[in-house]
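Encoded as structure tokens, the following chain is the form predicted alone, with no partner shown.
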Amino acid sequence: MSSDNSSDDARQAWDVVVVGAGPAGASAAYAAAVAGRRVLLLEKAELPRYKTCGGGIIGPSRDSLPPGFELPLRDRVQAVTFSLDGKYSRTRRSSHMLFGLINRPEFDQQLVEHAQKAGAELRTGVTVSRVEQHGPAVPDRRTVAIVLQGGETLLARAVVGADGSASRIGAHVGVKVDQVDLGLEAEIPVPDSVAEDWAGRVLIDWGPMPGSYGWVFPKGDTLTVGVISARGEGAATKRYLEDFIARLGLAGFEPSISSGHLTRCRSEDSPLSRGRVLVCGDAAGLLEPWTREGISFALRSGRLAGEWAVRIAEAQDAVDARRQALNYAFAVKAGLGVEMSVGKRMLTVFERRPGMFHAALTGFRPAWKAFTRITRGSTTLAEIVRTHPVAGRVLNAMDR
């Protein structure tokens, strides 16, 4: 646990306390610290720590990183093999890098170090029990009390909840979700001969259950192999992963890690704040509903949360704090919210017609081109639907 002034914490309010040191929390802490505020970043685990995640870094993620951030890339992807439940396999290649692959422990650690260099203080091995905005623990209306397991209380002018999909802070804010998926993943060490076959190439397999898909992401001498599907299909999802690994000829290799996690997508009317408390990233249910891509959503919403938390910390009364929190919600909904609503429509269509998606990406040049532009960050799914009338009409027709 890293702290040398915890006795001062209870007496003096921090400007911003961020709960959770993943990509969303580290980005929030960085943004608030760069603005010159007194920032504390809390993390219940010791860092670096493992996180179930494919580790794909697309263009929007790269563009949201702090200045001078060197991505710890394990591979650079220039080819994608698509298959439809193991059949009709086809590989498409690009002359440019489509996206990069990282291991989350290294990536997250590096983001935290950038927040620390900007002036944020880190405390690890700390679990938050609850936050209080009223009552005896709160000395004045400009303050939030963060109560830790063990009874210690910290004070803050603003709090950012970035404590993952089972968020305590999200529960305080009242986050509502309307899509929950189960992701299962295995980190499989492989010999050089197998690793060479996968270098620079990923596999995306459209799966047997509605809305499901699997992936293979190469990271040097290890392949990250995973599948995701709607919660409630646990046994079928587990079977899909086992069949997927066997089909790939990887069943003979022992995984170094096998893990699972739930991803949660917010409902459109879900709150993003309560009083002086904001939520971002997984804690807010912010991720792309179709692909369940969350890193870019975490980095972007985290940065916004850090910037608006600074304004909330400066607010002199509840009305001003509320105004700033509403501005934060508007900023999130205007960008990430629009992408989520298009992603939700894509998922609905994909659940019904995965074969059509497969045919388009493997045989229709404009669809592949759109895929490459989205992964590289030169456009978004929402932008394509908005600016290309044909894309919008096709989506509407398939939606019906």
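So that there is no doubt, residue numbering starts at 1 and follows the sequence shown. Because the structure is predicted, anything quoted here is derived from the model rather than measured.
Omitted here: the form predicted together with a small molecule. The next part is about that form.
Participant: So which of 330 to 338, 62 to 70, 22 to 30, 349 to 357 is the stretch with heavy atoms within 4.5 Å of the small molecule in the model of the complex?
Facilitator: In short, 22 to 30.
Participant: So the small molecule isn't shown here. In the model of the complex, which residue out of Arg157, Arg274, Arg303, Arg104 has a non-hydrogen atom within 4.5 Å of it?
Facilitator: By the 4.5 Å heavy-atom cutoff, the listed residue in contact is Arg104.
Participant: Within 4.5 Å, heavy atoms only, which of Gln78, Ser89, Thr153, Thr127 is in contact with the small molecule in the model of the complex?
Facilitator: After the contact test, the surviving option is Thr127.
Participant: Taking the shortest heavy atom distance, is Asp205 within 4.5 Å of the small molecule in the model of the complex?
Facilitator: Heavy-atom contact with the small molecule at 4.5 Å: absent for Asp205.
Participant: Going by a heavy atom distance of 4.5 Å, is Val131 a contact of the small molecule in the model of the complex?
Facilitator: The answer is no: Val131 has no heavy atom within 4.5 Å of the small molecule.
Participant: Should Glu233 be classed as touching the small molecule in the model of the complex when contacts are defined as heavy atoms within 4.5 Å?
Facilitator: Because no heavy atom of Glu233 falls inside 4.5 Å of the small molecule in the model of the complex, the answer is no.
Participant: Does the small molecule get within 4.5 angstroms of any non-hydrogen atom of Arg49 in the model of the complex?
Facilitator: Looking in the model of the complex, residue contacts with the small molecule include Arg49, since a heavy atom lies within 4.5 Å.
Participant: Report whether all of Leu42, Trp215 and Gly281 sit within 4.5 Å of the small molecule in the model of the complex, measuring from non-hydrogen atoms.
Facilitator: Yes, each of Leu42, Trp215 and Gly281 comes within 4.5 Å of the small molecule in the model of the complex.
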